[in-house]
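Same chain, two forms, each on its own as structure tokens: structure 1, then structure 2.
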Structure 1
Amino acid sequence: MDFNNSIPIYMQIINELKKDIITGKLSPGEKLPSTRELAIKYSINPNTSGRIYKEMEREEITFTKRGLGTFVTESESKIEQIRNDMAKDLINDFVKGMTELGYTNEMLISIIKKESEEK
């Protein structure tokens, strides 16, 4: 994974894990790698891995079973909420960027319709 220097690494990995959850690469209730395994996978400090899991648990994306590890939430509504939140963030970033380029809402709608028809 190539990291963006303007966003903290732990946030980038959290977003990557969220994508894996909403796309089904990680199933509800699935055990996540240990903090050490996560650190090796992403070439990060194990303390950063711990911070990632702590933040995800705070957001109720994961839960920990003492002595067993960290697991993906089993709540379908939470997974749907994550999906909706990520979609909203993408849309807001797109609209902001296009507005900065001088596009109006009507122009954005036209571009989106045109692009989706071509796909």
Structure 2
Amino acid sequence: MDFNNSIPIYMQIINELKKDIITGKLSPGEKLPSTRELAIKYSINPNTSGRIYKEMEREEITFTKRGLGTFVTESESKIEQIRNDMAKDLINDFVKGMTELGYTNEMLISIIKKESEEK
């Protein structure tokens, strides 16, 4: 994790975990590492791991079984919704930003096409 960054560490890790869930690296219902394990894995303070799970639970991405740990939500539709929300944010930021810079819709399409070919 990049401590030297304007994005809070807990946010950076939440995004990592969300991506792992969306791409299937973490399956629905799978147990997540304990707060202590997470703290060690990312060399962060256990308080910060706690905050990560609290926030993810608030967003209903995970749920907690007392005494057992934290688990990925079992709702596939919830996971799909997260993917859509994250995608929508990315799309909006991109289109809005480029438009403000004076790029037309045609330019956007050709830029993305070119980007795709290069990879």
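Throughout, residue numbering runs from 1 along the sequence of structure 1. Being a predicted model, the structure only gives us computed values, none of them experimental. In this text, rigid core is short for the largest set of C-alphas that superpose within 1.5 Å between two forms.
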Query - Chain form predicted alone, by structure number - result: 1
Query raised in the report: Is G24 one of the residues whose C-alpha moves 2 Å or more between structures 1 and 2 after the core fit?
Result: no
Query - Core fit, then N15 C-alpha moves 2 Å or more between structures 1 and 2 - result: no
Query raised in the report: Has the Cα of S77 moved 2 Å or more between structures 1 and 2, judged after a core fit?
Result: no
Query raised in the report: With the two forms matched on the core, what distance in Å separates the two CA positions of G102 between structures 1 and 2?
Result: 3.0
